[in-house]
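Only one chain is shown below, in structure tokens, and it's the form predicted on its own.
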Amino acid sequence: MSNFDVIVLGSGPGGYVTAIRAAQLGFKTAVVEKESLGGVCLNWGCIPTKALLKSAQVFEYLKHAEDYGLNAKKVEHDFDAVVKRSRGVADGMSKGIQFLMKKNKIEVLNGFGKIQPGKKILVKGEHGDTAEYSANHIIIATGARSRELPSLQQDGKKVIGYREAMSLDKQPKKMIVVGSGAIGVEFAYFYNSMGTEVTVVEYLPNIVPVEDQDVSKQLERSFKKAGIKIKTSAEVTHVDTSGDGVKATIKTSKGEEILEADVVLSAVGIKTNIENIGLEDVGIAVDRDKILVNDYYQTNIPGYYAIGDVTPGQALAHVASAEGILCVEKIAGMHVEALDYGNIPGCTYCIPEVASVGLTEKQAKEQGYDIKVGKFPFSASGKAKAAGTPDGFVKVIFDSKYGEWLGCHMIGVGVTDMIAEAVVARKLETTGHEILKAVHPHPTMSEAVMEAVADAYDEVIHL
């Protein structure tokens, strides 16, 4: 039995970042991984999807070359090559994590880890061999997987999750995407751009339902303009896979209808990976599929911690990384502040992109704020017009009394790279007046933030 200071169970963006920070702080560290270093994010999630989406975006540009005074005839796509490029990007990133493990002298324990009482982990290798390891601190970072609905059981062929959607052997002619969160709309955009006929089915009244209503409506307009069919306030009640394709029964306010497709992509959320990892054996408290933790990610059992998707915070890669760093810094005795979950940015990488932080307009009103709202459309942005990407806007929400920046919501090309301004400003308690007086470069997409703030304070110049 080997002894460590810290063992991290799982090597996704929560786990591997936690392990590296622990090693930096002088802890003898190991990480347990049953599949590939980097977890879902690097291998089957955040990174390879962005590679697919970039291919789709380039293809869209080429198809509209004439709009830029260019001539690109007979532009075609090679679906297999697009998928292969995506897998290559993911493989390269995973190899990068291997390098970081060696650089930081972190021991990688390959196999399925199961926590034991007494601060131990049993690791079972792929050939059935087992080894037991102990640590002063065990951090659970096992992440999550695609959630399955009783009416939408995944078979990996006709009813698929995000993993299969990333590496299909053949491009489907028709696809139904169930769920319009980040995963659903990103794949809807990708497959539609590649030429697949896509229908999005959303149970709630708006697509991307966690976003500000104005953003949801704009994305719906943009998607419909691109040829994506949208069905909101709709539910898939049955799927028939007995024939060549799929027949999905959709229930709406107008009644039932049957949609036919080659493939149904289930993108209805995630299920945490907490089964069979020893939680019951150790006595770790769980509530509604999540491990209960305090502000520093300690479970109810001393020496055991949990971070990332398995805990109640937002299921986002950057949240898992931040939680892991905070967790080990607290273990090291550093002075740390609890994470502010009200200032976590959310990003969706379809085109147009969506990015947001803080309260929506509806939430701000419901919480009793007297608000100032500003909005600046990219159709009035010189940079956006020159780039040929005028769809979308920046929307800002301020508290009228103190000037506190309550929320920022963006939709447009490249906005996921712009939202950090609002995150940092809110962290520093920056007021609307201070944003207005911070000179933004021209011409840029980012000056739309300043213009939106100016609109909130009735000082907008370019509207």
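Heads up: residue numbers just count along the shown sequence, starting at 1. Given the structure is predicted, the values throughout are model-derived calculations rather than measurements.
Same protein, other form: the form predicted together with a small molecule, not shown, and the subject of what follows.
Shown alone here, Leu9 lies within 4.5 Å of the small molecule in the model of the complex, counting heavy atoms only. Proximity of His77 to the small molecule in the model of the complex: non-hydrogen atoms within 4.5 Å are absent; the residue sits far from the partner.
In the model of the complex, at least one heavy atom of Ile183 sits within 4.5 Å of a heavy atom of the small molecule.
Put simply, Gly45 is close to the small molecule in the model of the complex: some heavy atom of it is within 4.5 Å. Heavy atoms within 4.5 Å of the small molecule in the model of the complex are found in one stretch of 357-365, 325-333, 303-311, 213-221, which is 303-311. Only one of the listed residues (Met418, Ala56, Ala425, Cys41) places a non-hydrogen atom within 4.5 angstroms of the small molecule in the model of the complex, and that residue is Cys41. A single residue from the set His64, His433, Lys50, Lys28 has any heavy atom within 4.5 angstroms of the small molecule in the model of the complex; that residue is Lys50.
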